[in-house]
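Below you'll find only one chain, the form predicted on its own, shown as structure tokens.
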């Protein structure tokens, strides 16, 4: 049962996760997979077990009502939800906890907080829902600051205006996904952006990290929905003009989308909306191998069909998540529309699949309203929703459980994929004595896919972080060497910073540094994220 409070150490609400029996079954599965014995699931940390460092700063009297050094809040704002975050939490290491957590209620509050931080050499870490898996919210800023403050946006969560004529709405940035969609439902509208973290993440966080959402094609990133932005920097307010499109120079919105709180704190945004879908078509197919399935995805992506879902799972991914028996790759295919039936789109997509050896569902089977929750599609949906809780339990039993996502053009994908798989197996063998790697497509474009790799491997007691870091480094170097991106939708943070600097053009790096100096001359906003610390 949930205690209606977020875990300070992991995913979701307190009391929610795998049951003891599910954890036992998972441990037995890992023992069998890796020839291990005696795997134990360590208990999660309790707040009374955590030794937090003494707060080094005190807020000025005018801000004291917005600030707290409450142990729970400090612990809850220490980490995101990455593998190393979970490991350090289970180690009871909260040595980098913020000195204070602030909860602004107005833009004026944010201005005053940033003024105080700038004048007092205090690092300010913008915080939405804390679901970052790239060390994007942790206050690990080095010795150049007198202290750290987490700026939690949860009270700036209003719906400011809904424009049904233009199909857009203005939201404050601290609104969480469920509240945003609930506000739109009476108007028969939706943002239709559902990242895996939907329940525990905010609009401002989605925009700041260039989040990827529900759609596997066409509307893949939050970028597509941003109509205009308003944010507060230490040197003033920046607000872009609300327009359906513009050719007036470089886009100010595009500059700030993905800046991860390093240039300013997003306070509100006008977002493009859609009518809620009423027509749906869903199917699940099998393929003899993953590359055949990938060719079907390419055909669909280049046919201009734009399915809402066209995810494929390789044999290992399908087996690990209980979708298939490990002998076939699986495609989960879906179309949605608020305007028209979708039979023609689905039929054409199935033809593309059949051309590549896909086994198409029998024609004439009765359709149900819940096809996406039944069979292979339903098994994948359930596994996807429960993945964060499985990761927690894997970490708790001393396993290494990591994910790596990239994007690459179609003509390079086969070599890219085979090399990544082979080199991942090699480094897991060297570091851990073996491991398990799987792949799925999360998104697909006419010019290339976004492959998403997952690994599970055993570790030595006390070496979980170090061994995980060796694997992380090797795979990340492979991505960059082969011409892929270091991240397709999980942002940069501190975790990907080394490889992001190798990926981005050197001149663009200088532009970002120059902009940082103009907007945040004291260098107090999320130091070390996107731009090197200014001190």
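Keep in mind it's a predicted model, so treat the numbers as computed, not measured. Residue numbers count along the first chain shown, from 1.
The following text describes the form predicted together with a small molecule, which does not appear among the structures shown.
Exactly one of the stretches 263-271, 246-254, 233-241, 285-293 approaches the small molecule in the predicted complex with heavy atoms within 4.5 Å, and it is 263-271.
For the options 435, 334, 398, 126, the residue carrying a heavy atom within 4.5 angstroms of the small molecule in the predicted complex is 126.
Put simply, of 390, 342, 133, 229 only one has a heavy atom within 4.5 Å of the small molecule in the predicted complex, and it is 133. Taking the partner from elsewhere, residue 173 is found to have a heavy atom lying within 4.5 Å of the small molecule in the predicted complex. Shown alone here, residue 202 lies within 4.5 Å of the small molecule in the predicted complex, counting heavy atoms only. Not displayed here, the small molecule is approached by residue 195 to within 4.5 Å at the level of heavy atoms in the predicted complex. In the predicted complex, residue 211 approaches the small molecule with a heavy atom inside 4.5 Å.
Each of 11, 206 and 526 is positioned with at least one heavy atom within 4.5 Å of the small molecule in the predicted complex.
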